[in-house]
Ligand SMILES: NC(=O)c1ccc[n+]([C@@H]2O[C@H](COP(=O)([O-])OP(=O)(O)OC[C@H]3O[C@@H](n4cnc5c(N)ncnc54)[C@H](O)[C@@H]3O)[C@@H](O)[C@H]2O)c1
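For reference, the chain that follows is the form predicted on its own, supplied as structure tokens.
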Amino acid sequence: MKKLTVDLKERSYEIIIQNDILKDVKNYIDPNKNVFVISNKTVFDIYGKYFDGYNVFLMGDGEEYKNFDTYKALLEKLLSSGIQRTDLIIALGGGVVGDVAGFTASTCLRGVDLIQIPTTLLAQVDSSVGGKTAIDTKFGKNLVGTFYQPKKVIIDPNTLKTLPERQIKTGLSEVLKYAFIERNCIDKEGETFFDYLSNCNLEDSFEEIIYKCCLMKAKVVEKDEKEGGLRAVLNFGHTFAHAIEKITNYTVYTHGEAVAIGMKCILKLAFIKGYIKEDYYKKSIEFLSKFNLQLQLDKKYNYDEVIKALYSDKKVKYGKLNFVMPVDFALVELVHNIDELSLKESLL
């Protein structure tokens, strides 16, 4: 078992990582609370047996269900079931379930306790930690949401064994993101996360990878809980990714697939604009390519539409685009005022 704490003073909480922890999950849930589990059919068909006796509400499976309709339906089910502020909501599933259940918990009765139990790699290394909740709108991704920290995050790496390869790769993009934003040594003297991922066997290392990612994210969140500055680094590659998801109506690329393309775009943009040198650019593209991720946006999509969609990103301030830009090995800065010609070139 691996444990770490997200230190946010009175709102601090524990992240527990252990293979097969779901078999004993009720040992980590207050028996005196009335529990409401929000999940989807795909996940609950596999893991529902560990949550017998609890109230269960299932939502649709996929990004297209991360919307006002789902949020409204969940609220109505919770309220009609007599949920109270002393009760508990559990988010059991991937990033979509975690985001919607978290947003619902944060607004229902002005706040009901929440436990995140992520079952996908993407959710385990990123979205379940840090308290971001949101739903999508026709204007863009994650534009309606809250910062609402869970009371606990419970991670069972063995849930990854039930995922299709596409979902593993989706989460892998969020894992690789950390290699570009964190240059601090991890274990061995001089070994960065970039080095660790380059040399480890992924299938044998997921528990350790999840722990390292959660540790890095926790340190960022502790310093900047509500994305006043530093926390924006966690969005490396995401500005392009969210625009790509928007123009494809969230139905062509998974979030992680869009992030992989987004990371390639921002690396190319950084090289074009002189923020990074050619050797780091080439090394970075080789690193991403090693994991067999799609790095190129299909040329059938209109690049002008992508650029237009960039302006719906949450990091736009005073009408200016802001990018988490690589400026050196595993080091990024927030940069704005990038010309549209360079943006288009980075998509090619």
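Quick note: we count residues from 1 along the sequence shown, nothing fancier. Predicted model only: the values in this text are computed from it and were never measured. Here the rigid core means the biggest group of C-alpha atoms that line up within 1.5 Å when the two forms are laid on top of each other.
In what follows, reference is made to the form predicted in complex with this ligand, a form of this protein that is not presented.
Stretch 125-133 is the contacting one of 268-276, 79-87, 125-133, 206-214, since its residues have non-hydrogen atoms within 4.5 Å of this ligand in the model of the complex. In the model of the complex, this ligand lies farther than 4.5 Å from every heavy atom of residue 67. Although the partner is absent here, residue 149 sits far enough away that none of its heavy atoms falls within 4.5 Å of this ligand in the model of the complex. Contact check for residue 56: no non-hydrogen atom falls within 4.5 Å of this ligand in the model of the complex. This ligand is not shown here, and in the model of the complex it never comes within 4.5 Å of any heavy atom of residue 241. By the 4.5 Å heavy atom rule, the three marked residues 95, 162 and 170 all count as contacting this ligand in the model of the complex.
Distance criterion of 4.5 Å from any heavy atom to this ligand in the model of the complex singles out 42 from the list 312, 294, 42, 34. Residues in 1-35 all lack a heavy atom within 4.5 Å of this ligand in the model of the complex. Once both forms are fitted on their core, the CA shift for residue 148 between the shown form and the other one remains under 2 Å.
Core-superposed comparison between the shown form and the other one: the C-alpha position of residue 242 differs by no less than 2 Å.
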